[in-house]
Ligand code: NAP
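Next comes just one chain, in structure tokens: the form predicted alone.
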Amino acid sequence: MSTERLAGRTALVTGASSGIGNAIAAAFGREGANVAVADIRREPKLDDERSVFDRLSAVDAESHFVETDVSDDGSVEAAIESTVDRFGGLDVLVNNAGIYYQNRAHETPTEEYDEILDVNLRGVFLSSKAAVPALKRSDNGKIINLASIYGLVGGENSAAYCASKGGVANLTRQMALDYAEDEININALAPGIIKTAQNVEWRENNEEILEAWHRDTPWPRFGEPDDVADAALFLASDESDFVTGTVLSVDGGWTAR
């Protein structure tokens, strides 16, 4: 049941067409927010995933699509400007857009490393940089970054991804210090194994990886995008007004070991 915890507020969610971003955007709309969907694609990665715009329409949420490459300064600045023009301001930024390739350090092509860092870490920096002036004008300014369990602990065959998400976790802490006087809450979520389009091929076709993920997740199931969306909703709401600079694990106990 909706409690309208974000009534009258505007949120921009990067990578919101699919997976975790889709779920976060839908949850924010359900709780009364205007939602800007910032993504390089309008529709989900998988044909059987429900469109975020259908989900937002179902709860009568106002939505706005902005085609966005988070690794590009101009694209991110245009997305923020378009959102502010459409809704009159910005209250919540969710830096969710991310990519993941598997490789050990010595086997990682340099261009692959650069691509992952550009989207996962540079994207957080650029989006936050562009959004801060608008968030300073808000009475409820929040930034929520998507880190990862692999930003807190090491993960096999994930050199570039671990580097990028470790950077996101510490950039979150750093920005929280810089903008505390402005009362902008800046936190991160560190999801564990969440069932999304990004990992569906491994879940369905790689028994070895699947067994390892089950072994390392103490909870008896993997996470769903809505599990992360619920945590993001807390960080976007008034309930987290004295929470800043934290990285909240949503991982079924993975990092408790």
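Just so it is clear, the model here is predicted, and its values are computed rather than measured. For every residue, the number given is its place in the sequence shown, counted from 1.
We do not show the form predicted in complex with the ligand, though everything after this point is about it.
Interface membership of Val119, defined by any non-hydrogen atom within 4.5 Å of the ligand in the model of the complex, is confirmed. Proximity of Ile209 to the ligand in the model of the complex falls outside the 4.5 Å heavy atom cutoff.
Within this chain, Ala78 is remote from the site of the ligand in the model of the complex, having no heavy atom within 4.5 Å. A residue is said to contact a partner when one of its heavy atoms sits within 4.5 Å of a partner heavy atom; Ile99 meets this definition for the ligand in the model of the complex.
Remark: of stretches 85-93, 67-75, 173-181, 135-143, the one touching the ligand in the model of the complex is 67-75 (heavy atom within 4.5 Å). Remark: none of the three candidate residues (Phe125, Ala130 and Asn187) comes within 4.5 Å of the ligand in the model of the complex, counting heavy atoms only. For the partner-free chain shown, Ala38, Asp39, Ile40, Arg41 of 25-41 come within 4.5 angstroms of the ligand in the model of the complex, judged by any non-hydrogen atom.
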